[in-house]
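We begin with a single chain expressed as structure tokens, specifically the form predicted alone.
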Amino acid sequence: MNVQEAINKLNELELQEFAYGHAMGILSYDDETTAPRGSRIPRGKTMGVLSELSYKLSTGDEAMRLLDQLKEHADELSEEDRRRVELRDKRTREMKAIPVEEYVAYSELINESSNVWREAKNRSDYKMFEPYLGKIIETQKRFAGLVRPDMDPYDYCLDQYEEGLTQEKCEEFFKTLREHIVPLLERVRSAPPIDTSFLSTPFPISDQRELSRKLMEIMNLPKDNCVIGEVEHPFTTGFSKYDVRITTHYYEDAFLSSMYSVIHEGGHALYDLHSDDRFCFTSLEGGISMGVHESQSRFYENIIGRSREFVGLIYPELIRLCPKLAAHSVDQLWRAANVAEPSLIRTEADELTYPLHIMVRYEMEKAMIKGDVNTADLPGMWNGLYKEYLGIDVPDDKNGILQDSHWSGGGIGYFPSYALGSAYGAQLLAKMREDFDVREAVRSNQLIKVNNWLEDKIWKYGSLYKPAELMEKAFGGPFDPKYYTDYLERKYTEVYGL
């Protein structure tokens, strides 16, 4: 077959792969949202069957012959098709290195562990989850050794979420953040405290749901392609640019928790919803990495959502839904939404202390993969790091090692992407400000200007470029974490009047 016929075959193959991934994704989303707890048994079997079929489809003889032919004629391919072949070559080499029975067993393990984690968190009982985490760690190490025996196992884990990220780069990045954040946090803690007591004003969940719909409208999230669900731990699932699901968790006495989780997950959704049409149902559809994805979600959550302009924009809606909040001004709400103080829960952390939460998890993951700590000792290590990094005591497993869902889903290596994404976002803001008045766009409810800029620089490219290459194109130069530390310095100087 000629090159065009081979591309047509690739299109057919990737559509089939999309269909399997879509089906398994729907099952996972259903598991997290509305499925009865006992459904994990048949779902696990279904996931096992589908993952095996998907594995065989992607690594079968026909698929490999097609890949070999396309690689041989790479110079005849378009930029997009060369990138598809590159991504496919990387993915299939990794898949083929893992025996199919182990691949299927891992899929079933993740299905089971996610359910056990939820129950363990509800009971605040790490021991329930410990055997599953142990199996996940050992499987990750096993897969790393099979796929990239030449690479440090934890570097392999990091690379799965942010291609090219290594421990060496993380150490340098976190060192820069620590050198700036720690002294800034000390200055903040010596400033007069900001009143946050009114943030626990009862806000009925039914009204918070209405607030969520308003937030999605302001962010220009299309109703026909994006819906919101309710879960224990908020997340976003992008099946395609036509179907993205975001989720949140409501607390009647902590309305900002859901408000900012909706904005955060909405940022993820906007990225997935705006890949170029020509990438649909191919390996180029959707975000390229978790670092880039988190740059979009944390940009919206913090840089946009916690700005004075956005708080002013949403303030009338807040007091309409919760009239008691009218006793407090926009300025009071803005400052309260940006209080910086050490806390237990990562998802509730302020911008300034948030990287410290990520550093805890980074140190934990390194130790887990290197075998420097037994699974039974992980809660103690967690608690010790929280005391060392944030100066706080962890009261129980629910508010400690069980607070995040990532490890139950096999997401070891994911966490550093959050801090990296935050830093990407600050540099994007600096570049965006060269083109238009961002504050005025937010103040006047013209977030479509922000969206259009991000679509032009990031979203439309899907997975066409590697993470570092994409971000350098958007930045107009290399990544520099100083943009992030400067942003934090300016913001908290203003919030606290330092």
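Just so it is clear, the structure is predicted and the values come from calculations on it, not from any experiment. All residue numbers are counted from 1 along the displayed sequence.
The form predicted in complex with a further copy of the same chain is left out here; the points below concern that form.
Among heavy atoms of residue 440, none comes within 4.5 Å of a further copy of the same chain in the predicted bound form. Residue 175 falls outside the set of residues with a heavy atom inside 4.5 Å of a further copy of the same chain in the predicted bound form.
Proximity of residue 274 to a further copy of the same chain in the predicted bound form falls outside the 4.5 Å heavy atom cutoff. At least one heavy atom of residue 18 is located within 4.5 Å of a further copy of the same chain in the predicted bound form. This chain lacks the partner; the member of 450, 50, 468, 67 within 4.5 angstroms of a further copy of the same chain in the predicted bound form by a non-hydrogen atom is 50. With the partner removed from view, the residue among 156, 418, 281, 132 that has a non-hydrogen atom within 4.5 Å of a further copy of the same chain in the predicted bound form turns out to be 281. Taking the partner from elsewhere, no residue among 190, 353 and 381 has a non-hydrogen atom within 4.5 angstroms of a further copy of the same chain in the predicted bound form. The chain is drawn here without a further copy of the same chain; in the predicted bound form, the stretch among 25-33, 59-67, 459-467, 425-433 whose residues come within 4.5 Å of it by any heavy atom is 25-33. Within 4.5 angstroms of a further copy of the same chain in the predicted bound form, the stretch 235-256 places a non-hydrogen atom from each of 240, 242, 243, 245, taken in sequence order.
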